Every structure is written in C-alpha cells, then in structure tokens.
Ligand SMILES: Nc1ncnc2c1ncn2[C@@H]1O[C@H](COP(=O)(O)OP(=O)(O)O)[C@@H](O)[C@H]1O
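In structure tokens, one chain follows: the form predicted alone.
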C-alpha cells in the first residue's frame, strides 16, 4: 500500500485515533530523510504522527531501501518494552502499527527541540544524555544473552549495509560530495595508512559483531527533548551488532562540538554522565574503547561524507573536527 497526502486522511480516519467529524490538517513532521512522515491534526483537538516506509529514501530517492525497515523499528520497541520496561518511555508511544502498509502511527511530541539544536546553541543537556546512557546500557545488557535468538528476528541486512557503507566506505573513497577544498585536503593529509586500517577494522566489527540489540542511529537529530526528557526516534536500522557502535554514535556528536570547545565544562560533564549511566545500566566498560573508535569514524563521515552536519558547515570547524577525530582514532 502506498500512502500519500491524498490517501493519508481517509486512512487515518479509518483508524479511529482522532475525534470523528473534525477537519484534519496534514503537514510534514521532522526532517523526513528516510521515511514519509506527516503530522495529522484534528481541528480543535488531537494530533498524531504517521511514518510510512517507501521503497526509496525520501530525501535521497536515488537510494533504494527495504520497506521492512519499519517492521524492525516496531520490533525494536517491542523488545525494549519486554526486556527493559522501565526504560521504554525513552521511545515514542506507538498508537497503531500496520505491517502490511508499512505504516506506524506515533504519539505527537509536538515542537520539542532536538538534541542537535541544543548542542548547536552551545548547551549540553546533561540529564538527557545521562538518561540515553542508562537506556542504552539496559537494552544492551538485557539482550546479550538473547543475541542469537534476536538475530533471527532482526535480519535487517539491507539497512545495516546502506548505513554501514555511508559510514565506513564512501567517505574514504573517491567521491563527488560537496566538500570544501581545504577540508578535503586536510582529510587526505590526516588519513594516513594506519588510520585507514583502523577504519577497516571497525567496519569489519560493525558487520560481524552479534553481541546485543543496537538501535544503530543514536544521533542527536534523532533525540527529541520533551520537557527536558529524551525521546529516541527512528530505529529503522536496528540489528543485533556491536553495542559500542550505539555509544560511539552519541559520543561522536558531543566530540564534534568538543573539537571547537574543548574547554567547555558542560560538554565534558555531559560526556561523563552519559558513560557513567551507561555503566550503571549494565553496559560493559570494555566496550568503551571501541566506542571512541566508532565515534571517530562517525565524526569523519559527518565531515567529509554525504550526510554532513551543521556543526561542521564552517571549514575551520570541519578541519578542527577532522583533527580531533584523527586523534581519537589513533589513540
């Protein structure tokens, strides 16, 4: 079933989630990079958000992507509810799931800011990052013993590969990404053979690890702050893999800002709280070394890959991020 702006309203009406007889208004919700995502408002009262998986990515239609990704996002929430119910409120509440239509209807979290926006504004919400750390620690620790069984449920190979190649491969091969000349030159100078070998090692771990259930896209753009509390979105890439990858993704985006503001005590406190609560939730200390390696590669791909972030729009910030990432990768 293909859902679009024309068919969306009758589809949502049929679900009975909004007051009957009200006029419904439709608007885009979020960035809509991967899925068709719309907010549906009932005149006077009530709103929901619908996600629909199409065969190509919404923002990058040149990339095909399996529509089963929405099944894995829903399954991730089900597993979290089962193994760590005390942490399930970190995920948005599901109101309806239609596996055949590849549609997921979620609570509307309104205009809550994203963690990415807070970091760009020079703020580092320590409590929110601590909660994300505890959430990841609990989910990773609670799914380790079940990893073999869960792997059969999370055969999300298409999305895992699409994501993995954009992180570990494409940024380091000849490409036509719109990167400033001085940034591209700095990357060539920094990425000596030993660092490229380390990237290849981490790529192998990303694909071969089968240790715990991972969200696989814990970036600040996917974390809403609702009255200061985090809501983690978009688990389309969820799979059984390396738990250090989840932690590394969060760390990367803190370190993109630490590259420019290394003496910012708020960022340092937020990093400590994230890791302390990850350990308190059951996350393993020995995974954190790999997490910093993954963080370095995520920083690199966000600076010289296809999905650059606003934190490195200025070439001087991008160069600082590259140098910082190289130091993490070589440690």
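Numbering follows the first chain given and starts at 1. Keep in mind that what you see is a predicted model, and the values were worked out from it rather than measured.
Although it is not shown, the form predicted in complex with this ligand is what the next lines describe.
For the options 270, 297, 34, 291, the one in contact with this ligand in the predicted bound form, meaning a heavy atom within 4.5 Å, is 34. Contact with this ligand in the predicted bound form, defined as a heavy atom within 4.5 Å, holds for exactly one of 225, 190, 106, 179, namely 106. Comment: 231 to 239 is the region of 203 to 211, 231 to 239, 246 to 254, 131 to 139 lying near this ligand in the predicted bound form, near meaning a non-hydrogen atom within 4.5 Å. Heavy atoms of every residue among 29, 51 and 221 are located within 4.5 Å of this ligand in the predicted bound form. Residue 279 falls outside the set of residues with a heavy atom inside 4.5 Å of this ligand in the predicted bound form.
Heavy atoms of residue 77 never reach within 4.5 Å of this ligand in the predicted bound form, leaving it off the interface. In the predicted bound form, residue 144 stays away from this ligand, with no heavy atom inside 4.5 Å.
The closest heavy atom approach of residue 114 to this ligand in the predicted bound form falls within 4.5 Å.
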